[in-house]
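Let us start with two forms of the same protein chain, each given on its own as structure tokens and named structure 1 and structure 2.
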Structure 1
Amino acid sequence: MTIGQTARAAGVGVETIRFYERQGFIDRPPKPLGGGYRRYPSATVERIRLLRQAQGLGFSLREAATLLDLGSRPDARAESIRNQAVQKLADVDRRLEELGAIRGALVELLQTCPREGPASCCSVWQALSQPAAHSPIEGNTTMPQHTRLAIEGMQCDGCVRVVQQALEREPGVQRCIVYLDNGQSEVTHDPDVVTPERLAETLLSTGYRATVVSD
């Protein structure tokens, strides 16, 4: 099969196949020695279909490709596949929660908004003018701030080490203590250099979801 036939069979565009090849999600068959067009095995069609299926379940292409490679190994176990799905479910749940919070806020604003009148009467407009709940307004003093973070997903002291390293590497962090038993961390930092939210973001990009505990 040529690339065009493969694309039609898989229900995608030719450019999409080339894109997947560039990204390494599918193998690129070699060009025939005598010259001519590349020939695609029918397995490629199947693989593309599987990638799209997994995409439909919320997986990114990279995750989908990992999943397929994971499952096509001879010693593949159900647990490893299941694990990926569980992770993805948690991911989806998190996004649902975020979106639900946004929806709740919008619904509430719309309920209290009069349908007419000047813009200043509109509750949506008023909500925008409210100061942020977490505004980092600071004086000119640079007193160290103590922040407590609740960290999800730490399960062993390897995690503790990673989390501690990530926090200490952050500019503005003076010292931090990470507890495995309650999943929390106490960070001493300069609030002018790094906000608690920034610390949480740092951990998120390291792989741990963290929230600021107000005490």
Structure 2
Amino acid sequence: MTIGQTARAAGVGVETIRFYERQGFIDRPPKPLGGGYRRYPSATVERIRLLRQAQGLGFSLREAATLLDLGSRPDARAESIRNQAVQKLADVDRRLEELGAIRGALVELLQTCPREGPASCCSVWQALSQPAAHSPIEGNTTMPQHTRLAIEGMQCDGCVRVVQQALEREPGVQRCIVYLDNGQSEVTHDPDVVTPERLAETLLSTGYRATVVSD
């Protein structure tokens, strides 16, 4: 299959396949000596599908690749796969606990908001003005990380909204600004919850390729 046929069979974009190749998640077929298109085996389609399914269970792309490589070994044991899933479940539970605390804090703030009058009277605005006094997660001393992403393919304000919404849905993201003019996004996030690489992977599902920009 050509790269286009492979992409359609796997349900991804061509740029996604090229990104997987550059990162070493799938093998790039050699170019035919007599010219023509590279031909991808059906095993590549299956591997991409498995990578996406593992991501659907919460594994990062790199974690998913490690899991697949581990399971394909002739000496692979069930407990090795299970241990990876147990670790991911613990990570999900931790995130759920943090999100539950955040939800509780938001519910409390909404219940005490007067709904009318100047913005200064709103408990939500007061919490934004004094975040330390309303921190929903006690004892969290992790400093937020600021990550800049270069995003390919944005052409309009609609693209900006899609990218911003995708990043803001990622657990651990505290603030996100997307710029159409330079094709970049600035993201403030908790590095213990989401990594810069995970932020870039998140945008693949929306059809945009992102790379982490080093300052």
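Given the structure is predicted, the values throughout are model-derived calculations rather than measurements. Note that the rigid core is defined as the largest set of C-alphas that superpose within 1.5 Å between two forms. All residue numbers here refer to structure 1's sequence, counted from 1.
Comparing the two isolated chains, structure 1 is the one taken from the form predicted together with another copy of the chain; structure 2 is not. Once both forms are overlaid on the rigid core, the distance between the two CA positions of C156 between structure 1 and structure 2 is 2 angstroms or more. In the core-superposed comparison between structure 1 and structure 2, L199 has its Cα shifted by at least 2 Å.
The rigid-core alignment places the CA of D181 2 Å or more apart between structure 1 and structure 2. When the core is overlaid, the C-alpha of Y208 ends up 33.0 Å from its other position between structure 1 and structure 2.
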